[in-house]
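A single chain comes next, written as structure tokens; it is the form predicted on its own.
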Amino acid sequence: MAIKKVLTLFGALAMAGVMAAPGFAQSPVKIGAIYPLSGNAASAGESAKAALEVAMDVINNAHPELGDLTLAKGAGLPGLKGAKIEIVFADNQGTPAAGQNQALRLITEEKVHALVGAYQSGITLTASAIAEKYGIPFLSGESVAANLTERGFKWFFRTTPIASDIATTYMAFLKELKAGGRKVDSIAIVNENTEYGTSIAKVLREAAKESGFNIGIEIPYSANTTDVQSQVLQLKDKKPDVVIFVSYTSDAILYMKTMKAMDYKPPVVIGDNSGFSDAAFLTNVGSIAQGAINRSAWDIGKPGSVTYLINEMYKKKRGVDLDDTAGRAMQGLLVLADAINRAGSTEPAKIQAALKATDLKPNQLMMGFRGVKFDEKGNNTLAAALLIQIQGNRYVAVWPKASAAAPLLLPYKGW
């Protein structure tokens, strides 16, 4: 009996030790991430993947050097007893059908607790529809098409500035240029023809009309095109004062190369983020796109700042500076993780309720938003953007003046 009691005691102690071991820690919170890891937008997808991996590091490990950034001070999610975030990446291959299929697989087979993605608005459209059907929270950090939040969905949220915010920014900028004596009477919109480009073009058209500007020409095109000579010829013929490109990476690069080959330099070139923000754009055509203007909510900041330290973490992983689009994807994941932490649960309805109650302040963010607070449609009412310009081998903030790190240089230099 004595031996039996001793063995029982040892067994109980051994079990207690096992239960206390790291292997029996709180189960990880699984988040599915749907991005283009192949196809024409693979560079942007890989950048988003690297950014999300940095966010996972920030959440899962203690980073007190990152100050008030949400979830940075401790290790894991305190609301779930230190549970870690686990990201399950899925390749949407740059097509809406693949994005939809991956969302279904992540929900039904991988059993993810929430989804993020999917870079291209047209793919976010289909992937989030699957999440809505299954009652799984879907947070988009970077897709801006207006129609995404016009579907009456209850499970879809996004942190990024949207098409209407972007149009407002551009019109305010152009009004200031006009007041300063620059000719901006005729605007050309050159947009890829999926949900992203079509949505931005429509909102720009409406905003320009309200602001008294003339859209002299609109040129929709396929983002998969390999020849844009006819589009550039149309621009040369119409001679607009301002050209706004709404393009993904490969087509943005193609336009810059074609403009140089055809010796076409419009006075003002604005690239609507996306392809113009991809590190591959600067690497491939930055030297022939000098003076191109882009929108952004990301600023690396001064050495030692929170944003500077985040950029250093990203650069070690990706080899280049963090860009705005990947930064917005990273911010989206941090907001979702904050909601899951406050929910104290991986139950979809509790995460949904926590997202609705989100009220993050600027000091808790890495992006230059005024905060994060969602309206009834799931849009962040505090999203914001500034304008940056290629000067030398990098982008610098140039507008508004209060946020400028360098003076705006016009006309567009190109090469």
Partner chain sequence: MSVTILQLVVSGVLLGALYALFASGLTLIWGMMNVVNFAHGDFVMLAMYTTFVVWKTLGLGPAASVPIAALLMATVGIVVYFALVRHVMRGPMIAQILGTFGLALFLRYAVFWYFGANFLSLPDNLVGGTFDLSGIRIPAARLLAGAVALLVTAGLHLLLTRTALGSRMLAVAEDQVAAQLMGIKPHQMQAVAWGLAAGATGIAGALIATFFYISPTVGETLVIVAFVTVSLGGFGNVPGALVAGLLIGVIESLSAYWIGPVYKDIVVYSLFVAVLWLRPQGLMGKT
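Numbering follows the first chain given and starts at 1. These numbers were taken from a predicted model, which means no experiment stands behind them.
Absent from the display: the form predicted in complex with the partner chain. The rest refers to it.
For the options 198, 284, 169, 296, the one in contact with the partner chain in the predicted complex, meaning a heavy atom within 4.5 Å, is 284.
Between the options 249, 143, 273, 159, the residue in contact with the partner chain in the predicted complex by a heavy atom within 4.5 angstroms is 249. The chain is drawn here without the partner chain; in the predicted complex, the stretch among 203-211, 122-130, 147-155, 232-240 whose residues come within 4.5 Å of it by any heavy atom is 232-240. The closest heavy atom approach of residue 260 to the partner chain in the predicted complex falls within 4.5 Å.
Proximity of residue 42 to the partner chain in the predicted complex: non-hydrogen atoms within 4.5 Å are present. Contact between residue 38 and the partner chain in the predicted complex is found at the 4.5 Å heavy atom cutoff.
Although the partner is absent here, residue 46 sits close enough that one of its heavy atoms falls within 4.5 Å of the partner chain in the predicted complex.
With respect to the partner chain in the predicted complex, the three residues 219, 227 and 280 uniformly fall within 4.5 angstroms at the level of their nearest heavy atom.
Within 4.5 angstroms of the partner chain in the predicted complex, the stretch 169-201 places a non-hydrogen atom from 193 alone.
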